[in-house]
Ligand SMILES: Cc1cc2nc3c(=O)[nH]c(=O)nc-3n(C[C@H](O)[C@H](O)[C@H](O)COP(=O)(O)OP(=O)(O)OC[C@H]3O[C@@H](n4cnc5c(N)ncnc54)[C@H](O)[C@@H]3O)c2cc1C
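Taking the form predicted alone, here's one chain by itself in structure tokens.
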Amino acid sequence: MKIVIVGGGAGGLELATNLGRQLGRKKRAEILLIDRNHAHVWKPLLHEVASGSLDADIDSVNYRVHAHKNGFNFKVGSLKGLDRDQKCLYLEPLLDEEGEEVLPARTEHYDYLVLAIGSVSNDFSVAGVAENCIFLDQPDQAQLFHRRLVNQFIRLNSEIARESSKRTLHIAIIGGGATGVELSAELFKAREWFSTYGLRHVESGHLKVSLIEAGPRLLPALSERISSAAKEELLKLGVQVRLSTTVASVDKQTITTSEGEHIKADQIVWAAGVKAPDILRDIEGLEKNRMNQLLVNDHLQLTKDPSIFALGDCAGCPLKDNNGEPRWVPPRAQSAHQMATTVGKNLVNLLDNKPLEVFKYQDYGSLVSLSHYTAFGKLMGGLAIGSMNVEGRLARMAYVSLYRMHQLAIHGWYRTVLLSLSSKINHFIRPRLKLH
């Protein structure tokens, strides 16, 4: 049996690792992971890559090395199309930075296919967003933002030293969800460390961060109390929070609101929503929802093709809330983790001719970290009180533990403990911020 997994995000990499250990090492099945990147960075941490708090070159997982250690194969490539009748997927040519072909267009056959290609930013067809905004969907986008940020701070520091300039560096973030809120706080942390590491002319007043949200409050997925507390903390840092502000269009360095106001900014980040990648629209005969997600059944198989599974942000998995109202499994890392576990069990069950397991989503809550300043969240599941609001150090510890759980799933206990110790050591021997 050949199992092909497309997408090495949180769910895809955990699934490939699990199946590689269970099936690949024992030669019971061939496990192949395909991803457009050469290395994995946990997506919830991309805002830290963007600010420089996290060095993707150090904290990433190389797919080829990880595959070698865990009994599966890896190929770099981007999905171009799918022939379900022939059980064959098509990969785009791989090009280098100069546009030269590294690998030609290729095909891969499968017995079972798992689509775990995640999500991309949804620009809601707002004019100019795609051309003029930075997205934080991929590590290379976060690294591009960081390179620009470093250059802008260096330029600003020089101008202030030379001319006593009163100019500020203005970063505008559109979208008041977790990514927008967390990036806003990380930017002020970055400003502090840039000043510590030699850019002494750049003071707090020289950084302006605007967080623009179309809705009436930040963090709509969390409680109103947590939303208000997060807003208060951001205002203390100096973030200009603009609620109920709809963006009509974006030019190179200008945001135009629906009220006709023009907001100038040196960098504009779009973090206002997500959808499944557009490539899924071109696959005929499959059911999708309005977010372009592939509809799946209780076993996470596509409703129109039982030989294909979908998990994570690209999977449209219906469920009912406590009031019995229909909704979708939310696009979160915990969802991808739980789905990967179920898909892994079901693929093994198929090989062993056993009944498939039903996917049951368990919401363990949501956490948001405002850099090293504070954190907020709501923990759910396994608690006698049903749910518990947390903030401060406890919330920060819970937030960090989410990443450790992901590392545990792909590395095991021994390596996760070593990585945790290494992180503590690097806290003292490495710069606190990536400066290049």
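All residue numbers are counted from 1 along the displayed sequence. Just so you know, these numbers come straight off a predicted model, no measurement behind them.
Missing here is the form predicted in complex with the ligand; even so, the following discussion is about that form.
Engineer: Any chance all of Phe188, Ser210 and Val269 sit within 4.5 Å of the ligand in the predicted bound form, going by non-hydrogen atoms?
Structural biologist: Verified in the predicted bound form; spot residues all out of contact, no.
Engineer: Check whether Val6 has any heavy atom within 4.5 Å of a heavy atom of the ligand in the predicted bound form, and answer yes or no.
Structural biologist: Output for Val6 is yes: heavy atoms within 4.5 Å of the ligand.
Engineer: Can Ala10 be called a contact residue for the ligand in the predicted bound form at 4.5 Å between heavy atoms?
Structural biologist: Contact check for Ala10: yes, within 4.5 Å of the ligand in the predicted bound form.
Engineer: At 4.5 Å between heavy atoms, is Arg217 in contact with the ligand in the predicted bound form?
Structural biologist: Looking in the predicted bound form, residue contacts with the ligand do not include Arg217, since no heavy atom lies within 4.5 Å.
Engineer: Would Gly176 count as touching the ligand in the predicted bound form under a 4.5 Å heavy atom rule?
Structural biologist: It does not: once the ligand is placed as it appears in the predicted bound form, Gly176 has no heavy atom within 4.5 Å of it.
Engineer: With the ligand left out of view, which of Asn62, Asn37, Ser401, Asn389 would have a heavy atom within 4.5 Å of it in the predicted bound form?
Structural biologist: Checking each option against the ligand in the predicted bound form, the one that comes within 4.5 Å is Asn37.
Engineer: Would you kindly say which of Asn297, Asn292, Gln334, Gln143 lies with a heavy atom within 4.5 Å of the ligand in the predicted bound form?
Structural biologist: Of the listed residues, the single hit is Gln334.
Engineer: Specify the contacting stretch among 104 to 112, 197 to 205, 228 to 236, 178 to 186, defined as having any heavy atom within 4.5 Å of the ligand in the predicted bound form.
Structural biologist: Contact criterion met by 178 to 186 only.
Engineer: With the ligand taken in the predicted bound form, which residues across 71 to 105 come within 4.5 angstroms through any non-hydrogen atom?
Structural biologist: Contacting residues: Gly77, Ser78, Leu79.
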